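Read the single chain below, which is given as structure tokens and is the form predicted alone.
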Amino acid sequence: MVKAVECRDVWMVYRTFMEKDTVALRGVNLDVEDGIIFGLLGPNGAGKTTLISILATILIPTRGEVRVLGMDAFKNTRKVRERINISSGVRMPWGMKVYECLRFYAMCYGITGRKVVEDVISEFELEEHRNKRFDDLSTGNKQKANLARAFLNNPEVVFLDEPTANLDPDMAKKIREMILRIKEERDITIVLTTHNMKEAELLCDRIAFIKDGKIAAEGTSEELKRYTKMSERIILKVRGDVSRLSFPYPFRLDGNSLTVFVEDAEKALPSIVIKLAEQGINVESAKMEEITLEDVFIELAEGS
């Protein structure tokens, strides 16, 4: 079965004359199955935007192979672009009205009929803003208009670079709901980057974590938790000197709150209490929780 996206040994080196070259991607290998939402996560500067730009044929890698919908992305760039689209930031002609912007981009794809534009205006709930200048829109509605533009050509694969960045919680929630609804209605593949771990858990079927230009881990949310050997956490309120705490488990300290990451919290708790007592630290309270993707993100980002 043809995969939506494949890349093999992809490197990206930004070369300069005056300064040291910057290596943005280091031998990235990735497979994105058809019909899923695939998330690219990682700290700032990890290479997420560079990678998504290469997959969308905006950048040409220094080395490596990229295939989109079974086609070589850089030997068949025009054919690939006819079947994909990308939304990155809120880049549209500011002086034009929403309808004019979308009509312009539709014509760039050779779409002359007005129905396609009307459909995406309705799909992205932009009816009341259709005759407003783009620069007069709120940040959230600018993002909705930019997303609408990315679906004009009925793409089979859509790349979304931080689709809810800088949005208030209510608008971010609406955008996430739109992405899920449109993905199901159109039966398409979506590859997105995000810094919002809750968003990744809500939207993504699979996730790749990028660090220093390399794929550090890849899988479902649950698989990533198992990969880091962290399934649960124990949050302890402790009393005593924790400045030299020695512990066989990953942990985080915040004042007198100690969070310990384990595979089985109920099984590990008694030995944790004993080890703390041996170091003169008393436990005042404890609660057990499943870990979140944010815990995994921090562990992977801080790990060697």
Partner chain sequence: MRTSLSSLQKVLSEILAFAYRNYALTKNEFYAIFEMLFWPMISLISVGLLGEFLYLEKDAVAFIIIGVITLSVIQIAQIDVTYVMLLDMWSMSLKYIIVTPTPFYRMVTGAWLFGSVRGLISLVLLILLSAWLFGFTLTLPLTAMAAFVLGILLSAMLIGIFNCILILVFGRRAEIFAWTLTAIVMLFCGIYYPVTILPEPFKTLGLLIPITHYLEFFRSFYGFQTVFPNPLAIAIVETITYLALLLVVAEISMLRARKTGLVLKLSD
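All figures in this text were calculated on a predicted structure; none of them were measured in a lab. Numbering follows the first chain given and starts at 1.
What follows is about the form predicted in complex with the partner chain, which we do not show.
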| item | value |
| --- | --- |
| 15, 60 and 92 each touching the partner chain in the predicted complex (heavy atom, 4.5 Å) | yes |
| Partner contact for residue 180 in the predicted complex: the partner chain, 4.5 angstroms, heavy atom | no |
| 4.5 Å heavy atom contact, residue 226 and the partner chain in the predicted complex | no |
| Proximity of residue 236 to the partner chain in the predicted complex, heavy atoms at 4.5 Å | no |
| Contact flag, residue 105 vs the partner chain in the predicted complex, heavy atom cut 4.5 Å | yes |
| Which of 163 to 171, 194 to 202, 69 to 77, 217 to 225 lines the interface with the partner chain in the predicted complex (heavy atom within 4.5 Å) | 69 to 77 |
| Listed residue that, although the partner chain is not shown, lies within 4.5 Å of it in the predicted complex (heavy atoms), from 260, 56, 32, 40 | 56 |
| In the predicted complex, the one of 211, 206, 176, 97 near the partner chain [non-hydrogen atom within 4.5 angstroms] | 97 |
| Sequence-ordered list of residues in 106 to 122 near the partner chain in the predicted complex, where near means a heavy atom within 4.5 Å | 107, 108, 109, 110, 111, 112 |
